[in-house]
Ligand code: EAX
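A single chain, nothing else alongside it, follows as structure tokens in the form predicted alone.
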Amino acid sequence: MSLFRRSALMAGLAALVGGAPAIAQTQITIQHALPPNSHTGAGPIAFKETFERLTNNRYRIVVQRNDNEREMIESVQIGTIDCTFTSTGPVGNFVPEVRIFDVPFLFRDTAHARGVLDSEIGQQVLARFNARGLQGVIWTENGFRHLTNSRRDVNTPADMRGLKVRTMENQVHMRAFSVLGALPTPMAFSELVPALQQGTVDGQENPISVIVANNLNQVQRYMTLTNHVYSPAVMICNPSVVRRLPAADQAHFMAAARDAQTANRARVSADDASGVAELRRRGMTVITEVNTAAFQDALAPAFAEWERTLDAATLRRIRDWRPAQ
């Protein structure tokens, strides 16, 4: 049963405890991974502040942490929680069309990625969530992903051979690392730090925001700014959550979602700007000069495969996208 519910407070009870009329509140529960003070936490916190303010506190937004993103998506789908802010890594298992954004080196830079997601292309993919019993509300982000490991400097694709790298449960990411000669090991984020501590995996790949927020420098010595894939994130809700809202509150809901997107992206930009210096201060070796073309050349067999198995026309639209003049 969904946690989206009308509280059962009654005016008579209110009179007993204070004499004032009761204000019925609807509770909406949102889960997300990573600490509250992170780019991921910034989204739901901003959503909560804006939506409660715009609706004069007729709604109570409860924000909770859950490091298992696949579990959160499943919970939204069956209605045991209302919404989640999640990376798209596991979303492809529910909405296969999302996987197109996981192709390495697809986006030129952050402005390109954000522009595509906010364009008709991104909205068309969000519309695909409905058929899977989910509602894609708005795109947020993790940012560009980079490689860390505990064994050696990675300067070229050859340096990745034999490295056991934790990935998300994402077929596109796993295929890319396999082609590069690494040993991809999919696991939930909640399992990552113990796996690194115990040597189950040698490394992992995540945006700077995630590496900083989770102190991965404590279990990883080397980082290479590979920028190998842009990592979107998304706010997903159970369709009944938004459908049950009055029209005016649906508009407030979307305004709050846009504020969540703005807060999330601003935090990613800030973390990217300061993160390398911070990780070096914490003792990591950070390689910033990377021969991107060498990695792209090494991935040629995978690129050919994705052109066949994914939507080649949409891949071209993404690569060709430019902002309106």
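Model, not experiment: these values are computed from the prediction. In this text, residue numbers run from 1 along the sequence as written.
Here the subject shifts to the form predicted in complex with the ligand, a form of this protein not shown in this document.
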Quiz prompt | Contact residue in the model of the complex, chosen from 28, 256, 33, 42 - any heavy atom within 4.5 Å of the ligand | solution = 33
Self-check item: Interface residue in the model of the complex among 168, 125, 138, 165, criterion: non-hydrogen atom within 4.5 angstroms of the ligand
Solution: 168
Quiz item: Any chance residue 145 has a heavy atom within 4.5 Å of the ligand in the model of the complex?
Solution: yes
Quiz item: Is residue 76 close to the ligand in the model of the complex, meaning a heavy atom pair under 4.5 Å apart or at it?
Solution: no
Self-check item: Partner proximity in the model of the complex: residue 189 to the ligand, non-hydrogen atom cutoff 4.5 Å
Solution: yes
Quiz item: Is residue 103 close enough to the ligand in the model of the complex to count, meaning some heavy atom within 4.5 Å?
Solution: no
Quiz item: Looking at the ligand in the model of the complex, do all three of 69, 87 and 206 come within 4.5 Å of it through at least one heavy atom?
Solution: yes
Quiz item: in the model of the complex, which of 206-214, 109-117, 127-135, 153-161 comes within 4.5 Å of the ligand (heavy atoms)?
Solution: 206-214
